[in-house]
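The form predicted alone is given below as one chain in structure tokens.
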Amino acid sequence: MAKQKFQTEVGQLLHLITHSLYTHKEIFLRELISNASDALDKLRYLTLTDDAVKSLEFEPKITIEFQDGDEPKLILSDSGIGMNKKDLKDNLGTIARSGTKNFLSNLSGDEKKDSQLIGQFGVGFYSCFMVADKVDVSTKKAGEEEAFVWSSDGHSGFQINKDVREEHGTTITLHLNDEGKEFANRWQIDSLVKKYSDHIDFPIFLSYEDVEYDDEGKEKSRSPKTDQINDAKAFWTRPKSELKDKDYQEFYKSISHDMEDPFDWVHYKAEGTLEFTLLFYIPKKASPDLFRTDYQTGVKLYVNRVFITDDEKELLPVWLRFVKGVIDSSDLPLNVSREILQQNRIMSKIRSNAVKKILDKLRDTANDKEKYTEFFHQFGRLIKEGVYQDYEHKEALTDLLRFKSTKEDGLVSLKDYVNRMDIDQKAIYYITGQNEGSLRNSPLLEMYQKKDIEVLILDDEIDEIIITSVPKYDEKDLKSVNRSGAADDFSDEKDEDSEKSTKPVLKKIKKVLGDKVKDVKMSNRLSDSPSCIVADENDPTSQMQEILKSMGQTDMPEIKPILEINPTHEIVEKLKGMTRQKAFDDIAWLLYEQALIQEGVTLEDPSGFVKRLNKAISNTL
């Protein structure tokens, strides 16, 4: 068969692996064994649930052989589900997941950075090209007659030809290069399997020639020998007392294909009326596909150690899609379907317990501010999603929210804020927008700074959606300083004389601006700035309007802002006595337009703004 080209992303991945991951080259064996274990998992499930393959002889095992000398080889075989021609092309010639495609198409060229990122979606099978000049994959799918062999040098493409093979399963032959020949060694293989794959739930055998020597150290005889070199006990079933941090870290790497240690983990066994085991990991870094609809789930479901699925988004709430690990139940049926999982009372209880255990872990982590900040920078958006989506756990998730603040560097919780509140303060105040620097310098904060009142800075584009679902915290209302109503808490501090003299000016400005504004009001929130814009209490803010537009809601009615004027500002004082109508009109428009700019709103008529500004500068000079 003619040679076929790799998909563009595969070529990029191969280049990245061979150039960036050299110091991690030994992980190729972990990846190949992990893939073999997955193939065995899938066939074990089918032999128990699918009549078409129940009669197959199935002896689950992984076998490793090696050949040293001038042409060193490493051969890894499994008796798993195997692949047909289409599987070979789809699995070894193509990357189907668009999250991974997107990552690879945006490689930075910074190899050090990219080598750290690559662990977020796994190097998988292609890691073997770090140690081999050529790779042959001979395979036969369980229940099918034809066998095939896939061959590639990892550069120019691949070939798929028919093969002769009696048994189902897969055999991978690595033709080792100079960098890989060290792995054609019994002790090296044994050491790596014990380091990375001892927990694999199937026996791993190493075949080698046992050499006997005489008293003078000369070779006396050679005999073929095969030893099982792993423990072959499902890792999550082992007592926690037996396991060390290093054990947990290595198991995580084998199921996640991540090259970094996990951020943390939860291992829990429930016994009694409902029996199940949970082993969940929180990665250190968010994977590139977390915010894509085709995100890859990270949790595998087992029933009595029999693998059921790793493609079920009902196992955990959507906001927990960053979690990786295992759920193993003794109470679910082996032939559990997606529909049964969605409606199953047992699965519902397991899921509820799983969420509780993860939340307990996050609450504990939150006691260490520095460590929790590290977590929140990676996964804070998903905690926010949970606040919005998960009513059952909303209170616990609200406690896990963190925000920037005008009072403290770093991130603060709502509890931190309330603990710092003055006894007379009526509400928790926050400001929303897209630029932290602009928000910190917003005229909307002037009164709060003057009164030493803390304001939370919400500069993530989804913050405004999330925060509106938390109307109260610890019996305190949450109020947006972007809205007109937030200043009502301080309405008893009006200057009646100033108010009286400013009313005619407000009326004139309103007439000049016409239908551009909903109203022009006197402000008691401004001290240094002459004007600001706010949203009516029942209208979406300018930030929310931008979010709605980005979501495709282009048919919204026009929402007009409220312009607030500072009655004590020098500009406003001079407007009170101004008789030149044209100059008054220009200043009124400038007060409105500069307030829009400070709020991050794009001006409809920037050239008109520039003309008015230039005229004002010219008059001043």
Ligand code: ADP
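Predicted model only: the values in this text are computed from it and were never measured. Numbers follow the displayed sequence, beginning with 1.
We do not show the form predicted together with this ligand, though everything after this point is about it.
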4.5 Å heavy atom contact, residue 42 and this ligand in the predicted bound form | yes
Report whether the minimum heavy atom distance between residue 572 and this ligand in the predicted bound form is within 4.5 Å.
-> no
Does residue 91 reach this ligand in the predicted bound form if we count a contact as any heavy atom within 4.5 Å?
-> yes
According to a 4.5 angstroms non-hydrogen atom cut-off, is residue 82 in contact with this ligand in the predicted bound form?
-> yes
Pick from 125, 490, 388, 205: which has a non-hydrogen atom within 4.5 Å of this ligand in the predicted bound form?
-> 125
Interface check vs this ligand in the predicted bound form: of 197, 523, 170, 432, the one with a heavy atom inside 4.5 Å is 170
All three of 36, 78 and 257 touching this ligand in the predicted bound form at 4.5 Å, heavy atom to heavy atom?
-> yes
Out of the stretches listed (83-91, 390-398, 434-442, 67-75), which one is close to this ligand in the predicted bound form, meaning heavy atoms within 4.5 Å?
-> 83-91
